[in-house]
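The data below hold one chain only, encoded as structure tokens and taken in the form predicted alone.
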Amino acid sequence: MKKLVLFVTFMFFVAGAFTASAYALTADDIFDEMEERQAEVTTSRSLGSLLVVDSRGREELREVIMYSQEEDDGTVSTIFRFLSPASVRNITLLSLEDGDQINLYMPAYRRVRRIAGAGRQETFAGTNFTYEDIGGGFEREDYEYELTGEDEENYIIELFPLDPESEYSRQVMKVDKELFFFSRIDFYDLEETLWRVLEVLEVEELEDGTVRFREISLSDVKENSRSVLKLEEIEDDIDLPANFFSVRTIQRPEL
């Protein structure tokens, strides 16, 4: 089944067992339509910015470059690199096959570190995004969900993780009724306290009716911090060398 993409390189997969309701559409109908509206791109290169705002309100604007490629088996591999400022320049994350393998290159140490296990839940380079947010996501069979309401602009779906070790008790997703993209996701911790908020600030509707994300914000409510990713230049269906998505590539000074 086609997967739902968070934005150009950040993958977020959702689904589960639907609970019956009185709404005209089911949760499955909504997710199917979201998948249909997802832009299909084999390869892409994106330039953008990542604004990091800490708990004291201090801001740092970082320039980023990202590459992605859909593999023959339908999985996606990505490279995410900081270009500036100097403190984070060339820190690079490599995700292979939907985050099945995640590697981090730290130029200051000239080495690559494998990110696995609990480390995937750690935040990446001082942002609010975890390694798993960037490199992977959630699989359909990992959730139960139900359509619990709607407002004038959105359907409201609640997702309940089946993994007993999940850090979240539930997630509440709003799905835009017109373009069928998620406009907001609230993440609740095990004590049912709102923890993280993911908001889509800007989308682009392509000529074929599909949608892709242009600007997205992730806030940590507990820490009062925020990270905002904005994609400013996107090139689709570009030529990339064989084995471009590799540990060797992310150690290069230029991509």
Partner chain sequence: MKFVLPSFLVAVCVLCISCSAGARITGEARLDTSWDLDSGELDYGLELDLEYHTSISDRLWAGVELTLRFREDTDPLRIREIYLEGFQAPWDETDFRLGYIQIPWGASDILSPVDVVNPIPLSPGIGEGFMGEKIPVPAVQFEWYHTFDWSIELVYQPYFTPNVIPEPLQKGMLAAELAPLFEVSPADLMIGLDYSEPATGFGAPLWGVRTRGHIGSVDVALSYHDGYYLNPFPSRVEVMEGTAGDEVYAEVHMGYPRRRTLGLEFQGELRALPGATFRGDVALFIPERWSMTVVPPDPTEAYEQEILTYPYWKAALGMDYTTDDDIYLNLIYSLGTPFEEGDDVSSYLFLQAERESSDGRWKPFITSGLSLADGSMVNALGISYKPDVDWNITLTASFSSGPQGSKLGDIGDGVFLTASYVF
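All values reported here derive from a predicted model rather than from experimental measurement. Residue numbers count along the first chain shown, from 1.
There is another form of the same protein, the form predicted in complex with its partner chain; it is not shown, and what comes next is about it.
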**Prompt:** Looking at 211-219, 196-204, 51-59, 29-37, which lies within 4.5 angstroms of its partner chain in the model of the complex, counting heavy atoms?
**Reply:** 51-59
**Prompt:** Could you tell me if G117 has a non-hydrogen atom within 4.5 Å of its partner chain in the model of the complex?
**Reply:** yes
**Prompt:** Taking heavy atoms only, is N103 within 4.5 angstroms of its partner chain in the model of the complex?
**Reply:** yes
**Prompt:** Is the gap between R89 and its partner chain in the model of the complex 4.5 Å or less for some heavy atom pair?
**Reply:** yes
**Prompt:** With the cut-off set at 4.5 Å between non-hydrogen atoms, does P85 touch its partner chain in the model of the complex?
**Reply:** yes
**Complete:** in the model of the complex, the residue from D163, E122, E178, D151 with a non-hydrogen atom within 4.5 Å of its partner chain is E122
